[in-house]
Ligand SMILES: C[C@@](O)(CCOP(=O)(O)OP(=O)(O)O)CC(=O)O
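Below you'll find only one chain, the form predicted on its own, shown as structure tokens.
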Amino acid sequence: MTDEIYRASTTAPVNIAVIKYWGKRDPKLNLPTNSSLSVTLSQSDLRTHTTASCSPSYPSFDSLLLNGSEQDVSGARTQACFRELRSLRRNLEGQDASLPKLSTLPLKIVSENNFPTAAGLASSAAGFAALVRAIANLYELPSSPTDLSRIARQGSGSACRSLFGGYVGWEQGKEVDGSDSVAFQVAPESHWPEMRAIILVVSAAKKGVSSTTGMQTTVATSSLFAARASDTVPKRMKQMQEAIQIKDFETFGKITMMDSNSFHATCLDTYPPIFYLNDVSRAAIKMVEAINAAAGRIIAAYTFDAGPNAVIYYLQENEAQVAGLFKAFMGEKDGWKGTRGDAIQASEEAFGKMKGEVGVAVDLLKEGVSRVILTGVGEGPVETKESLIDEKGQPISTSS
């Protein structure tokens, strides 16, 4: 084998769950205690770009460079992904002796996020989805997104959902080996392309309690958790899938908000309690409630993952009433400039009418939100020719 540098690159999206994944029936395999459902967000706004490479000329160890910093790849999660993907490549090499033995070569991976890492913006989901998809492309594996979701899940549970675009479910599964705990597409982005989201970035700091630690503590101590997993979520999964199929935003929005509340209630019911939300998060909830009250129906829906950042879903037809209202008092924040933000008309009149009842919330949001991200439903991983590793095997930074 020559010292050729083999490379493949992909981008992968963030997904934000509307039915939350929380709790594991098997921490080692990342098997969830309940099914979940998410919206894949546009990669033009939130994505991980990853290049996977291998070569006989590389040092004899695997490496990962994330946003310019070396990462530890010795952990069980990353090793599980490497092991499964190498096994699939080894099978191909066993069937065709002419294939180069890429499975035996050290991996060099370079990855960049265009959003804050470990701040409650699903960076691990996009990261592991991109890592698995890039290596699968490097190895030229014939595996489907469903097959790869089983591998990505072992890196980060919600990463399995980032292997699809649109509206995506993750089946809890029942098998001990996790073979039936995979992601599936409820509907492609083309089915309901009008879905939009405004993300209020409350804090770009790393979370105080990691999702993994939080889940384990909740499962061990929360009395609300069992009922959520066994009764509440299964009903909501069915209702949410139906709402998406018939494009019923009011039902979509109501279930989204109720499930976010339920998830954070179990966090609060954990001992010691876990506080992912803060005063700024609660101010965002107040604003959404005011927007819906003014509209006389649900046109906006908040949801919060394991962090304080608010993700607010709405339909394009209601952009002025939702995003436009936030722009009326937060127009100076980073994120409004550009194609999406410039197209949104600030609803000064609507804001003026409700300002009295949401004054405290407005003050909290103006002070506590660092930036906004305007996005919408998007596609799954995309193979790209833009490599983060050059022909000599050296990292290339594309960050400005």
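Predicted model, so just to flag it, every value in this text is computed and none were measured. Residue indices: 1-based, along the sequence shown.
FYI, the form predicted together with the ligand isn't displayed, but the following is about it.
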- Only hit among T232, T212, Q321, S103 for heavy atom within 4.5 Å of the ligand in the model of the complex is T212
- Task: Would you mind picking the one in T266, T256, S149, S158 that has a heavy atom within 4.5 Å of the ligand in the model of the complex?
- Result: S158
- Query: Is there a heavy atom of N30 no more than 4.5 Å from a heavy atom of the ligand in the model of the complex?
  - Reply: yes
- Query: Would V201 count as touching the ligand in the model of the complex under a 4.5 Å heavy atom rule?
  - Reply: no
- Query: Are any of the heavy atoms in N292 no more than 4.5 Å from a heavy atom of the ligand in the model of the complex?
  - Reply: no
- May I ask you to state whether R236 is within 4.5 Å of the ligand in the model of the complex, using heavy atom distances? no
- Message: Heavy atoms within 4.5 Å of the ligand in the model of the complex: which stretch in 332 to 340, 348 to 356, 371 to 379, 22 to 30 meets that?
- Response: 22 to 30
- Query: Can you name the residues of 68 to 94 that have a non-hydrogen atom within 4.5 angstroms of the ligand in the model of the complex?
  - Reply: R77
